[in-house]
Each structure stands twice: as structure tokens, then as C-alpha cells.
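Shown next as C-alpha cells: one chain only, the form predicted on its own.
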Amino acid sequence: MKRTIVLRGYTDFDKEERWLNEMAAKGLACVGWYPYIYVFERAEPGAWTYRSGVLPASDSRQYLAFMAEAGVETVAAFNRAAIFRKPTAKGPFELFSDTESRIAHYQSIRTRWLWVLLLLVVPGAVLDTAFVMSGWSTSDMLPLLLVQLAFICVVPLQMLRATKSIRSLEAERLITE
């Protein structure tokens, strides 16, 4: 069967999930994934429903087994990020069905982005200092500085998006209690 490889970067699990379901509606079923690389095969349009998210830190293996028992296929998992699918004919499914688990999911996403920010800022500052001390000019460092600036702008936006989702879910929880 012919496979199509699509290079696409997502920093938002919700947007990634919407896109995967749009692709499935067009008859392209995601059968493999590695960050920014999606592998698709032709399928009946709308045959699959996809979900994307972060696996629970404490019991990822148990969670994957639970999903398999529920008839949900793991397309791929990498560094606790995962893509799941289920035949649409077998009904809808959610990765996190209750408010508490959805809040925990977004908290996990926010924490991941915090680590990305810390891992970029601290080594980046050390690297920048080393370059300056070795005689590099600002123009020599401009490409590196632009990449750092892009990440320093994108990461807090993703953290803010996760925080807004958490607050929305917490408000929903207050209403339903």
C-alpha cells in the first residue's frame, strides 16, 4: 500500500488532533508518527477518529494497555506524546474523559513546555556568553539569537494556552459540582 509522508510541526495537541481528523475525513489515515513526521495510508474517508496528547507520567504502560483493551490503537508514542486512533464506526472516544484527568493532561503539557523553556534559556545564555567571550560579533550570532528569540516567544504562548485550558476546565468543574 502506498504511503504518504507529511512533514508538519505542531506545538498544540488540540490543533494536531483536529488536523489528523481532517486528514482522516479526506481518506488519509495516519499509520505512523515521529515528531514532525506523519505517515499516512489511503483509507475510507472518515474511517478513523484520532486523539493526540501526553501520556500520564506515572503509569504510561498501564494507560496504553487500558486504551488497547478499549479498542483504541496506539499509532505511535514518543517521549510521552502519543497519537491514538479508533474506527469511527465503533463510536467516539476521549483520552481523558473526566474533568480531573483533562486538567492533569493540560498541567502536564504546561510542565513540558516549562522544561523546554528552561532547557533553552539556561544553555542558550551560557552558549551566547561563550561566543561573545571568544570574540564573536553580534552579526555572527544573529542566526542563533533569532532562533532563541523564536523559541522564547513560542514556548510561553504554549504555556499560556495550556493555562487557559486548565482555568476553563476548573471553571467547568465548579459549575458541575
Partner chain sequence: MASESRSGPLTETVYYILLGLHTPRHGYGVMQLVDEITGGRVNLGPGTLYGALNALTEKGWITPVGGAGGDRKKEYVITDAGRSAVREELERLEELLQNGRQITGGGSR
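Owing to the predicted nature of the structure, the values given are computational and were not obtained by experimental measurement. Residue numbers count along the first chain shown, from 1. The term rigid core refers to the maximal set of C-alpha atoms that superpose within 1.5 Å between the two forms.
The form predicted together with its partner chain is left out here; the points below concern that form.
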Which of Ala150, Leu119, Ala65, Val126 has a heavy atom within 4.5 Å of its partner chain in the predicted complex? Ala65
Indicate whether its partner chain has at least one heavy atom within 4.5 Å of a heavy atom of Ser101 in the predicted complex. yes
Might Leu142 be said to contact its partner chain in the predicted complex, defining contact as any heavy atom within 4.5 Å? no
Does the 4.5 Å heavy atom contact test between Asn79 and its partner chain in the predicted complex come out positive? no
Does Asp59 make contact with its partner chain in the predicted complex, using a 4.5 Å heavy atom cut-off? yes
For the chain shown here without its partner, which stretch in 65-73, 22-30, 41-49, 126-134 has non-hydrogen atoms within 4.5 angstroms of its partner chain in the predicted complex? 65-73
Taking its partner chain in the predicted complex, which residues of 83-113 have any heavy atom within 4.5 Å of it? Pro92, Phe93, Glu94, Leu95, Phe96, Ser97, Asp98, Ser101
So with the core overlaid, does the Cα of Leu117 end up 2 Å or more away between the shown form and the other one? no
After superposition on the rigid core, does the Cα atom of Gly27 shift by at least 2 Å between the shown form and the other one? no
Does Tyr63 move its CA by 2 angstroms or more between the shown form and the other one when the core is aligned? yes
